[in-house]
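Only one chain is included here, represented as structure tokens and corresponding to the form predicted alone.
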Amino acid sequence: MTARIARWSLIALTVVLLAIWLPQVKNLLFEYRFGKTQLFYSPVIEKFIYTELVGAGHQFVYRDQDGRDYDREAFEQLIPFIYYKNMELWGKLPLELAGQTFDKAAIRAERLVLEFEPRDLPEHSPRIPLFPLLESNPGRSRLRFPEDILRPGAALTFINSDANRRESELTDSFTRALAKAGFVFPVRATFARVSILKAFDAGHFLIDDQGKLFQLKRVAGAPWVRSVPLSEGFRVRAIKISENQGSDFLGFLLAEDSRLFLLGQGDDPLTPLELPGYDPERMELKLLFNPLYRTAIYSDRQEIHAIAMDRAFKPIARYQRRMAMAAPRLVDTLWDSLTPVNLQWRTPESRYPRLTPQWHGEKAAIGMSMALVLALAWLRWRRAPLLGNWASLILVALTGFLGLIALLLFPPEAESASS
């Protein structure tokens, strides 16, 4: 019985390891070179244009939504706000569009890119709940990290990071300031950009026990608290802060119902974005600002969507396409036909290591049937009893060539006993 348990444990472990490592070996041998499609809205022709790799080497296409091809320089001139440095070199600045004139300074003042990825979701990113609360008014040219660390919980506890000692005065003053502003402890979530490499410090955004949102900063060593107004019943799922100089927006706010908003600093802080089909669990999103338009571009590994908006974020044009990288490769089709499942150790959507199965669907029945026939032939060749090895045959029928390889590595029980 012990030998049988050991054998089946080894077979199970082998199948799992093969499902993890063989797809990686296949990807190393057959390198995947296709990147995501780069999609833009051209203020020159007022159409969507894109560039993508369509073949081996550097087979890029530069194309508009109607299928018209351009060379690279002509393509870049269709999005002059992005390639404004090239436009300057080519002597095409200032440029005139929509009855307005834009020089280099005007373009730079309006350009901004905000990004939100599945990895920005709190449940997709491991985080130790210890944060620096920067001094927002440092009185010097650059921000710097404080000597204490903030631990949100039943109170806002400050800990001296040198002496590992609770800072009672800071703890009491910041906890009182939040409570006075209406914050109900404990702290349910904390969002901030933990970096000193930014234009300014917007502090931390905290969610209290009732789901209300507050902004907290340290200004000249004292607490600064703002209650961020939200509509009744509104629930915050995530916030991504991007402190950019000159922007009216601090970043993105994602609601529990997957609606995405721009987070501003005024009395009406939320600007809704109309993004049909957007799924924050699996799609990366960019929001491009230029002097005339705002363009939201979001995609998974199959489809890419774009919404062009005016300066008030009212949609004016939409476009979506299936990316070239979504086209199946022959080697992937063959692999998916031979094995029923891959096991991914990591996924692009999460910073956590996690075994995630990728099922290959009905086409895997081809490989499962072939592996079963080969297993039957192999058992007959070894004169092993078929009925006595029914469990091995079921394993091969369910796991295809993964199970067949494991069966070859660990022979049937009758053969093991006789050897």
Partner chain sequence: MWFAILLKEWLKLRWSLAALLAVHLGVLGYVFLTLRHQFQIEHSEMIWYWAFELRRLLYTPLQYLPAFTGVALALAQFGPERLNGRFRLSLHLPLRGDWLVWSWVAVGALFGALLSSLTALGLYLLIGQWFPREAAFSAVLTALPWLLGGWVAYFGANLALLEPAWPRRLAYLGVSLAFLGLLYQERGYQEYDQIFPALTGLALLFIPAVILPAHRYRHQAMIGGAS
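Just so you know, these numbers come straight off a predicted model, no measurement behind them. Positions refer to the first chain, counted from 1.
One more form of this protein, predicted in complex with the partner chain, exists but is not displayed; see below.
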Please determine, with the chain shown alone, which of 235-243, 255-263, 329-337, 148-156 has non-hydrogen atoms within 4.5 Å of the partner chain in the predicted bound form.
148-156
Whether residue 55 contacts the partner chain in the predicted bound form should be assessed with a 4.5 Å heavy atom distance threshold; does it?
no
Taking any heavy atom pair closer than or equal to 4.5 Å as contact, tell me whether residue 96 reaches the partner chain in the predicted bound form.
no
Spell out, yes or no, whether the shortest heavy atom distance between residue 129 and the partner chain in the predicted bound form is within 4.5 Å.
yes
Indicate whether residue 351 is a 4.5 Å heavy atom neighbour of the partner chain in the predicted bound form.
yes
Note which of 101, 227, 160, 86 lies within 4.5 Å of the partner chain in the predicted bound form, where distance is taken over heavy atoms; exactly one does.
160
Looking at 123, 310, 279, 73 here, can you tell me which has any non-hydrogen atom within 4.5 angstroms of the partner chain in the predicted bound form?
123
Is any part of 1-15 within 4.5 angstroms of the partner chain in the predicted bound form by a non-hydrogen atom, and which residues would that be?
2, 3, 5, 6, 7, 9, 10, 12, 13, 14
